[in-house]
Ligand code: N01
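Okay, here we've got a single chain as structure tokens, the form predicted alone, with questions on binding and movement later.
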Amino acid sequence: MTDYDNAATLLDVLIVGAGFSGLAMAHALQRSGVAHYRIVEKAASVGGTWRENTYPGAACDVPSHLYSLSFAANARWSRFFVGQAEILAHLQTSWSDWIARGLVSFGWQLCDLRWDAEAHHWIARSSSGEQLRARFVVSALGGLHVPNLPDIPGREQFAGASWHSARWQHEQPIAGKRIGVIGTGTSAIQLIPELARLAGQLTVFQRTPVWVLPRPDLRIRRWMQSLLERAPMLRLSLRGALYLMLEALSLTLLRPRTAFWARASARFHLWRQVRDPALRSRLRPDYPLGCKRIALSNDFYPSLTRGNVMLESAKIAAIEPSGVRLADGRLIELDVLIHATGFRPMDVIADICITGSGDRKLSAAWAERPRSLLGLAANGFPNLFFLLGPNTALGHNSVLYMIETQALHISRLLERMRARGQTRVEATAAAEQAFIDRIDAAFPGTAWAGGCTSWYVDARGHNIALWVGPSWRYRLLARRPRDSDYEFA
């Protein structure tokens, strides 16, 4: 037992979540000399997004050597784009030291977080009733694990097996079955080719086609893995080259007119893999490239041309016990129905009651629109920080770059406060508004504002998720906290 196992003991920092975000924050705290911290995780193991999403074909769409934290580089990736199991194994290895030291508490699901204004600390309560007290709390909950289930009449009435892609039921037999997949987003595009090989009949229900580019995936030979391990500078150079290549993509998203080369590549990719003109026309997007997340795949289009696969573009009217009823009256009979309909990134805190200064609820403060300073801190909620908070997701590069920037910002802010003997910090309303104004001024005219429906934009047309601009610009803005952005006590 360590001293922080006592509920009355005051932690310096409580980190909620043991995925990539939690790992980055724990490492930053360790480097800055904060020893009295704890990580709590709702599940029985680490992994976050890569523990939750185990559907067939699950993989990262960022090159492997860029998809690792800078302090936990992996020279032994087996492919240029690795799958879920390999990423999860890497995370488990990266977390092993913190687990061995007893700093991670599993099965600890945060349900209530309340600010004690007199004592200047947070009181956190788990779903089992356990309480922890901490001067600072960092939300490292991630964003891609709360399923977005479509609001379709009769969804609960389906008599067969049904689940969301992020809650894959591996025990359910699917080989030879009549399978339906609702959605053609990035998860579906990875999943559909795998199902096409197993299904007796696969029906793909498409609302909006997506832009698909070739996936430059290669197997990395063992000799190359060994070379990258023995030559760290070569690995860093590869990482840097990949970063710059993806940063160049941000220019096409900020100025859609310059994306002609990417559009041409995507259209040629579609033409080359789908020779049926009628099918090809239904797969051609009519919105700017990048408005929705760009998909990378070499086998999605060919899977739709198989004899046992049917693409349905008609609107879904209802789900019935025996299958899916389309708006034109047809009934597609199914044995298995899978919702590959994405996630609700802002709902990760929906089940947590967060009460800040003056009994202010975060759910009420963010009801109309999530508001924050740099996606990191919210006015009215002292000593509380968010990793991958509002407007810090990326549509073009590795989000781990953003996470590390944010963890560095928080650790430097805490170091500054410790040196000054300060115990309370809160984002100012003016700094929060300035960040929102910056996002809103940059958003119009970009590919993301191209009129499509995506999780980036809410029902009111607000960009609630994306950082608008190159990721290096966010690092310049956020790597060093500015005193003028915060109120201290």
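In this text the structure is predicted, and so the values were computed from the model without any measurement. The first residue of the sequence shown is number 1, and the count goes up from there.
We do not show the form predicted together with the ligand, though everything after this point is about it.
Although the partner is absent here, Gly200 lies well away from the ligand in the predicted complex, with no heavy atom inside 4.5 Å. At a distance threshold of 4.5 angstroms between non-hydrogen atoms, Ala188 is in contact with the ligand in the predicted complex. For Leu66, no non-hydrogen atom is located within 4.5 Å of the ligand in the predicted complex, even though that partner is not displayed. Among heavy atoms of Leu362, none comes within 4.5 Å of the ligand in the predicted complex. Here the marked residues Tyr55, Thr184 and Trp455 all reach the ligand in the predicted complex, each with a heavy atom within 4.5 angstroms. For the ligand in the predicted complex, the listed stretch (334-342, 221-229, 71-79, 131-139) containing residues with heavy atoms inside 4.5 Å is 334-342. Proximity to the ligand in the predicted complex, defined as a heavy atom within 4.5 Å, holds among Ala431, Val425, Cys60, Ile439 only for Cys60. The contact with the ligand in the predicted complex, taken as any heavy atom within 4.5 Å, belongs to Pro150 out of Pro150, Gly102, Gly83, Pro214.
Residues Lys292, Arg293 are the ones in 261-297 with at least one heavy atom within 4.5 Å of the ligand in the predicted complex, listed in sequence order.
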